[in-house]
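One protein chain, two forms: both are listed below as structure tokens, the first as structure 1 and the second as structure 2.
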Structure 1
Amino acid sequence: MAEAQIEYPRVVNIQRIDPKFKHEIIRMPGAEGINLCFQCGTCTADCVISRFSGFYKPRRIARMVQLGLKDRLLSNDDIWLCTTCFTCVDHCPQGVEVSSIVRALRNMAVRENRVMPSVIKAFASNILKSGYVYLMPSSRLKRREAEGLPQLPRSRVEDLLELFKATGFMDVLESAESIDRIELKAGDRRG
């Protein structure tokens, strides 16, 4: 029995297009090449995540940016599925940095929609506590000491806090809603 496939609207409502969106993306570092994408599909063919998601297809994402479908992109949690393995970038004949475009979309989603995966919020919180993404358990620190390893470098957490505040990330971090899970929808999995 064939698995059901998710259908996405084929008709685009002209009122839902943001003609400035592509230009917003182009101004972001690494995403300047979006206009070079000619939809060959190499990025999607090589993408590990695209095999498991009906929405997350690098080629589709690039085209949606080109068409100005900002709302559809920024409201879809699947943009957080990208592993930033850069396989799409490595194989793109035009040198389009799709992973950088996805990073730009994520940044816009956080800034405009105030949402981010809970794991990212946890990592940012850890950075503010210790300067590291991973909080080293005291048992591991003791083991390092027993093995004669040097102490881990100490971070100036107060400087990190100032950086978070100066960039506005502290406000975003405090106000952003958490996305606890990003799940493939029924019929979304491709084998």
Structure 2
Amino acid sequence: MAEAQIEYPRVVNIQRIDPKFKHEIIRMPGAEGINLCFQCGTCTADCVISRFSGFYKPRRIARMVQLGLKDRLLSNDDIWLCTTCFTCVDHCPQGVEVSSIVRALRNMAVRENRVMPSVIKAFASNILKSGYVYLMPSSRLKRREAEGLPQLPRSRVEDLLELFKATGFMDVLESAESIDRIELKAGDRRG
């Protein structure tokens, strides 16, 4: 099968490089090892998502972080495709936690780029109402009772709101642009 043209630019524009980017990423939990990546490609070879996405290749992402291609990384929705199966983390011969680096990128995209999957917004709204990320219908709670199951433990949602505020999540929750659905693009492959 002929490879379709991949839509993102292959040329690195030196003006668009952020030399401090990798140092910011290194400070985030789990991302400490990014400089140790020597581009062997084990992560990409073993990544289930790489079989489907033209952009989501963990090796590429690691290199883009090292190069400082911050805008290109944070503005591409495909960083949200990692399932966190941690195969890359287990297999990396350099001990780089590739999946955690992707998490750091996502966290930064939420904080600075202000995008977030709408499903996480819905979870946030639910947990702040009930402590659970799903809202339990009252019929289900009644059925629990009828079946002799213990009552679901309650939650102090005011405490959760406090933690949402303290970690700065509340500041971005409203303003972040929603990602509803990531479409597979030209150049992506079905497995």
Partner chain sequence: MADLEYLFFLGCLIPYRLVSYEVSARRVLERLDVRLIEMPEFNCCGFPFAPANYELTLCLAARNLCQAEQKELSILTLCNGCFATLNETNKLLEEDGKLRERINGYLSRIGMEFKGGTTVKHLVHMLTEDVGLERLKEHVSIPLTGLRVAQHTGCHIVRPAKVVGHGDNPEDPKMLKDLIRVTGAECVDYMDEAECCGGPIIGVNEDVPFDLTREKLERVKAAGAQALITVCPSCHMMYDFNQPRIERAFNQKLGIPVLHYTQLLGLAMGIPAEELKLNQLRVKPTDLLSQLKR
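Counting starts at 1 and follows the sequence of structure 1. Predicted, not measured: the structure shown is a model, and the values here were computed from it. Definition used throughout: the rigid core is the maximal C-alpha set that superposes within 1.5 Å between two forms.
As for origin, structure 1 is the form predicted alone and structure 2 is not. Fitting the two forms on the rigid core leaves the C-alpha of residue 29 displaced by under 2 angstroms between structure 1 and structure 2.
Residue 140 is among the residues whose C-alpha shifts by 2 Å or more between structure 1 and structure 2 once the rigid core is aligned.
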